[in-house]
Every structure is written in structure tokens, then in C-alpha cells.
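Single chain ahead, by itself, as C-alpha cells, in the form predicted alone.
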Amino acid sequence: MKNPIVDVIDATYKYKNHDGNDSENGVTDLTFSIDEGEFVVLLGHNGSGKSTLAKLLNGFLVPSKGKVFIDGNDTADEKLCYVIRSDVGMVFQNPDNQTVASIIEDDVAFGPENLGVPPEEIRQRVDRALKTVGMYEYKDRTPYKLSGGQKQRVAIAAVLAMQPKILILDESTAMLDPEGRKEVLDTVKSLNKENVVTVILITHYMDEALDADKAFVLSRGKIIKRGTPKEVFSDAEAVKEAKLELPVATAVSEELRKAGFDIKPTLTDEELAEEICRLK
């Protein structure tokens, strides 16, 4: 039986108040696993614990109770810190905050250089990563003149050049326009399917969860719903409890059912259209 690449067991982490006591922020008693090559979405309102969980997964934070294992390695073991952070790549919300060089290829090379990768291999990694995200033709340009979506794709390339096993995107589309969001999501889906990169996408956009293998809904530091996107969004009460909105197609099918129409829950516009046509 294959071991999960992410295994979280009864993990708790609480931030401290000014008086030194535990605050309400953080995560509590989280238990779940993610298999290699899965595309998982973490959903939740601001303050639900999504970003804290991301930091636990890459070893930036260590649980005060419970365990987090990345590819079998305990994040609490200081000797494994380097290995874990090499295995888990993070892409954050603002791509400008991740830029360290004035030329794109130098920016992508920064990570492998710090890992001590030989120069000839760095060249190969940079070219491969930029081609993977569709930004190779921009390699000699400055990142500051790119669109938001292009900058975020370069940020993803910079992480890929370090060859992580897991890619975590922490609200990485939040500052992008719809076109930029689509660019980044298409890139991430391609990496997941074609390069078998395990993807953990943290978002509050419900439509970004539709193609995921699993979805977890967090509220007040706990997972209150988990399953396939269809299973999660079929539980409208859990989604509302997390202060989230249903995908548009799901919300419409829900309202039609309340109005007495015999219609199945739907996730996408295509499914909704099929259900409406079936009613005729």
C-alpha cells in the first residue's frame, strides 16, 4: 500500500496573545492525508486557518500537538528541515514579494543556486521550468513589466526549478484579474496532470475547486467538510457555516430544487444546462 505524501495526524497550532495565552487563531486537531499526484483545494474564509496549515505543511511552523509528515519525514525533526522545504514549494499571494532579481531567468535560478545545484544543471532547470509555465520567451526580460498572471507563472517556475514534490499555492490568484487567474490555474492543472506534481491550492474562489480531486472546508481552524468537490458543495449548510458562497451553477440548481424542480446538484455551467434541458 502506497504511503501518502502528506500525512497530518491530530495537528494543532495556536498563536499566542499578548498575555502569552493561546488565541483563537490557528488550527485544531487536523487529521487528513494526501496521496502523491493529487490536486487538493483548501477552502475557507479569512482567519479559517488555511495559511497556518500551509506553514505547517512546509515546516515553517511545527504543531504544538500532533504530527505532520511530508513524504514520511517528520516536520518537527530539525535535521530534516532542509529536505522538507526542498520537497514543498510555496507560491504566495503577491508575486512582487517573491521577486529577487531584475531578470526573469536569474530570478528562477536563485533557488537552485542556493541549493548548491551545479551551474550546468541550473541552466537546464531554469529553461525547463520556464518552458513548463509558458514563459521561456520572456527569460531575458525584467519581471516588473509583466502582467500579474505572468508574474505569478514566473513565481511558479522559480519554485519548480527547485524540483519540489509538492506545490502549495497560498491565495496565489487573489490579486489577479480573471484572465490572470485563468493563466495560473491552467498552468497548475497542467503541472498536476502532466508532471504529476502534488498540488495544494488554498483559495476562497469556489470555482477554483471544481476540478480538484479533494476539497477540504476549514472554519475556525477545523475541517468541517471534506470530499470531492461535488460532495462538498452538495452540503450547502457546511459551505454557509464556513462563510463561503456556493459555485454559481450549484447555487442555481439548489434554488431550482427548492422551487420544486426535479434537478440534480450541479457544479459547472455545462452540468446546469444539461439538467435544465432535461426538464423540458
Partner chain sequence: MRDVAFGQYYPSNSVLHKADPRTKLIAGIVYIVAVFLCDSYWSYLACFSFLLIACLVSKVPLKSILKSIKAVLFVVLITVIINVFCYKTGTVLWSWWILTVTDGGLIFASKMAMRLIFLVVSTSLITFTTTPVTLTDGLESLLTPLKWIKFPVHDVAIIMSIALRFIPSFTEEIDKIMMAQKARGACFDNGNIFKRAKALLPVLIPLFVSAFRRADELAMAMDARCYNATDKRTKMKRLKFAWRDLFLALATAVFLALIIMLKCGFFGLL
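Positions refer to the first chain, counted from 1. It should be emphasised that the depicted structure is a prediction, and the values quoted were computed from it without experimental measurement.
Just so you know, the form predicted in complex with its partner chain exists too; it's not on screen, but the next bit is about it.
Contact annotation: I122 falls within 4.5 Å of its partner chain in the predicted complex, judged by heavy atom distances.
Under a 4.5 angstroms non-hydrogen atom cutoff, its partner chain in the predicted complex lacks V196 among its neighbouring residues.
Shown alone here, N58 lies within 4.5 Å of its partner chain in the predicted complex, counting heavy atoms only.
Its partner chain is not shown here, and in the predicted complex it never comes within 4.5 Å of any heavy atom of E208. For the candidate set L176, I166, M162, L185, a heavy atom within 4.5 Å of its partner chain in the predicted complex is found for exactly one residue, namely M162.
Heavy atoms within 4.5 Å of its partner chain in the predicted complex are found in exactly one of 68-76, 177-185, 98-106, 196-204, that being 98-106.
Heavy atoms closer than or equal to 4.5 Å to its partner chain in the predicted complex belong, across 135-162, to the residues Y144, A158, M162, ordered by sequence position.
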